[in-house]
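The data below hold one chain only, encoded as structure tokens and taken in the form predicted alone.
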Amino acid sequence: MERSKKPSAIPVSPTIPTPQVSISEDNSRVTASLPTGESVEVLLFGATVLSWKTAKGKENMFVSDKAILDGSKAVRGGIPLVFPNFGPSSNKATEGLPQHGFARTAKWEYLGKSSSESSTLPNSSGDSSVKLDFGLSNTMLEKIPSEWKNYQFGITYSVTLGKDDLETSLAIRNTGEKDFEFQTLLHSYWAIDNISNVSVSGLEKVSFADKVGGGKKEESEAITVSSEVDRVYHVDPSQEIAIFEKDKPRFEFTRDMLPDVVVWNPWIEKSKTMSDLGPEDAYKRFICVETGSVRWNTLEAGDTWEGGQRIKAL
């Protein structure tokens, strides 16, 4: 016998797309993507960001065709992490460490992901961002050939992918009983079409250390590149910096607790001496605008230092 009244069907809410995270079969890379198409890829050697693509598939990071990706050498491209020394060792504690420290070649641990919902409405495009966390501590390093073997530390590196931006931030903790000094830098290689059409704004009338010509200098114009450039600027983190290409903004930088900016391009002759830089005209295809804290920072026992950057791709 049929019932006169059938129970109403239970409405089923549409599935809301969410960010996806995957780990490569060899456990060497972590990739995240948003429902809108943006993606980021991080190599666990150095926790190096290798790729950051827009929803339309445009690559924002430059990585050399000859880059070494097995941890035996820092990646030539992406965002290698400089810690605990910038450049060659320049104090007793870091004596014996490789240039730019050990963080960029160490094997980091993937700690997991978290996401931020943009809306709970059915027609939402899903979560608006996804954050990947990576960790490194002194116990994970096989050998530290310097006074740093006497220090204890833990670092959390967070990479947050948004719809039109990428955030990279560091939290460095002194977990031991001895104070230590450190320098750090996000050694970023930004993909461009042609260096001849590029300028960097926001550093006008700021004194810089010229590592090519020597001495302290200052320029009143936006930075352009027509020869080797290697400069270190000390500029208030509230000052916004931008990369322009053909007079149109390509990247905009917002910094937190990172008062130093390095601008670098090896140009023609120096490129020829770099065995891991390719193709031959690779110097035309990137500019390094690197944010960091390269003056020595003292981190007392039990304390934490935090800093980061947000890059908007335009």
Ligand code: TA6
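Just count from 1 along the sequence shown to find any residue number. Remember, it's a predicted structure, so these values are computed and weren't measured experimentally.
Not pictured, yet referred to below: the form predicted together with 6-O-phosphono-beta-D-tagatofuranose.
Asker: For the unliganded chain shown, is the site open or blocked after superimposing 6-O-phosphono-beta-D-tagatofuranose from its bound pose in the model of the complex, using a cut-off of 2.4 Å to backbone and C-beta atoms and a threshold of 3 ligand atoms?
Answerer: Open pocket: the modelled ligand, placed by site superposition, has no clash at the 2.4 Å cut-off.
Asker: I have 99, 262 and 290 flagged as a candidate spot, so tell me whether each of them has a non-hydrogen atom within 4.5 Å of 6-O-phosphono-beta-D-tagatofuranose in the model of the complex.
Answerer: Yes, because 99, 262 and 290 each have a heavy atom that approaches 6-O-phosphono-beta-D-tagatofuranose to within 4.5 Å in the model of the complex.
Asker: Report the stretch among 199-207, 144-152, 234-242, 183-191 that approaches 6-O-phosphono-beta-D-tagatofuranose in the model of the complex to within 4.5 Å, counting heavy atoms only.
Answerer: In short, 183-191.
Asker: Is residue 86 near 6-O-phosphono-beta-D-tagatofuranose? Define near as a heavy atom within 4.5 Å, in the model of the complex.
Answerer: Flag for residue 86 set to yes.
Asker: Classify residue 230 as contacting or not contacting 6-O-phosphono-beta-D-tagatofuranose in the model of the complex by the rule of any non-hydrogen atom within 4.5 angstroms, answering yes or no.
Answerer: Residue 230: yes, in contact with 6-O-phosphono-beta-D-tagatofuranose in the model of the complex.
Asker: In the model of the complex, does residue 163 come within 4.5 Å of 6-O-phosphono-beta-D-tagatofuranose, counting heavy atoms only?
Answerer: Residue 163 lies outside the contact set for 6-O-phosphono-beta-D-tagatofuranose.
Asker: Does 6-O-phosphono-beta-D-tagatofuranose come within 4.5 Å of any heavy atom of residue 131 in the model of the complex?
Answerer: Output for residue 131 is no: heavy atoms all beyond 4.5 Å of 6-O-phosphono-beta-D-tagatofuranose.
Asker: Please identify the residue among 113, 107, 173, 211 with any heavy atom within 4.5 Å of 6-O-phosphono-beta-D-tagatofuranose in the model of the complex.
Answerer: Only one listed residue qualifies here, and that residue is 211.
Asker: Could you list the residues in 52-80 that come within 4.5 Å of 6-O-phosphono-beta-D-tagatofuranose in the model of the complex, counting only heavy atoms and keeping sequence order?
Answerer: The one in contact is 76.
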